[in-house]
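In structure tokens, the next block holds one chain alone, the form predicted alone.
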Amino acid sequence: MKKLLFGANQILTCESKYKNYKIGKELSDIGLLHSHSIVIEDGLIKDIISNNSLNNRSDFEIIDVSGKTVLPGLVECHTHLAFAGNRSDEFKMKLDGISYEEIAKRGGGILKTVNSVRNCSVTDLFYLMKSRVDEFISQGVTTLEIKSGYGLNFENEIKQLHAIKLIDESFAIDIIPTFLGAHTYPTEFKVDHNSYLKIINDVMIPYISKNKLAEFCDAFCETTAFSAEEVDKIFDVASKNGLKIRLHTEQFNSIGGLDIAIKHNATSVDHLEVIDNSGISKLAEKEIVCVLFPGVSFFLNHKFAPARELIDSNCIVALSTDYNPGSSNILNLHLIMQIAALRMKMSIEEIINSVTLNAAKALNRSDKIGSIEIGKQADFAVFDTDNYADIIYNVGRNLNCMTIKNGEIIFKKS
């Protein structure tokens, strides 16, 4: 039996006429509909119809969203939630004025989390991730990317990816796995970079590709992590092994990562807090998504990425939590949206498109998700308000009351 999503006060389609991303002024168009319903069949959007044209509602199984606001299912396109341990002591250090980079140089940061991950099992990681995924689902997230990167050797990177696979098998939402073995250099290879690069290129990537444990290969191009030349070598191998490319770059320093991402036709470049006008011009000419993290800048008291300049230059902009234990311990995509409005000069409409359609583009899935268009997956976030502006206005609150994946209700607030 067909289903009918009925009674919404507002439906934000974020439709792109199947262009599957938005830039510039397009980002302000959310495709707002009133007095419409959505027909669902076989987990897909079958039709979007005016309520006046509904002849017989008894022909449908009704999903009642009376008075609510309906968005496409939210897409969380960049997380590091496969972690163990706690770094609240480092948070205190940051409040005392010690920088993220200085903490890393002292042996803290990513390496502290690596030690915690190496000391836990696949089962431990699974249950740690499970509660975090549940929380994202309660916010209306229907597609979620998760990276490795806290193992930094073969055994533990594979352990993380196996735990992510178990999460994918246990949840209705789409889980997108990313290999981030090039997150930083592990302690045992701090002065022997070539040996660790050889393990990544000759052992990890071929194994991960053969066993289909990741869709993307990511790296952190930064003075405290991997150089542009090192990333270039990794991406050469990843591409030959069928992995798509993403890159952390231009966060604290600009050391050539952007050019490497462009060279390898990356799906996205993520961070961009210190990108300059030349870099913005380069990205304006490419179909590469710029994934921005207002929560990182907020959490670290660091410079915000130039969202306004990127949007006005017709770059493809998406937003994400970058949820991780060190630089963005924020498991709340709504708060990220709200910070973007208050601190990055983005409009509410631009923000909504940036966590739906453009975030889906960052995962190479905007042909299937990210907007409410006929033929796409029936993924929806339903908010307990009759006005979409309330989603951003209610800072720190989660107004999502129902999450629907492939036409099935997977979360409903009691």
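Fair warning: this is a prediction, and the values are worked out from it, not measured in the lab. Note that residue numbering follows the sequence shown and begins at 1.
Another form exists, predicted in complex with N-(iminomethyl)-L-glutamic acid; not displayed. Remarks below refer to it.
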Just one stretch in 231-239, 206-214, 334-342, 73-81 has heavy atoms within 4.5 Å of N-(iminomethyl)-L-glutamic acid in the predicted bound form, so which one is it?
73-81
Going by heavy atom distances of 4.5 angstroms or less, which of 322, 157, 145, 250 would be at the interface with N-(iminomethyl)-L-glutamic acid in the predicted bound form?
322
Could you spot which one of 179, 136, 226, 150 gets a heavy atom to within 4.5 Å of N-(iminomethyl)-L-glutamic acid in the predicted bound form?
150
On the criterion of a non-hydrogen atom at 4.5 angstroms or closer, are 21, 267 and 376 all touching N-(iminomethyl)-L-glutamic acid in the predicted bound form?
no
N-(iminomethyl)-L-glutamic acid contact in the predicted bound form: residue 87, any heavy atom under 4.5 Å
yes
Does residue 185 reach N-(iminomethyl)-L-glutamic acid in the predicted bound form if we count a contact as any heavy atom within 4.5 Å?
no
N-(iminomethyl)-L-glutamic acid contact at residue 279 in the predicted bound form, heavy atom, 4.5 Å:
no
Would residue 110 sit within 4.5 Å of N-(iminomethyl)-L-glutamic acid in the predicted bound form, counting heavy atoms only?
yes
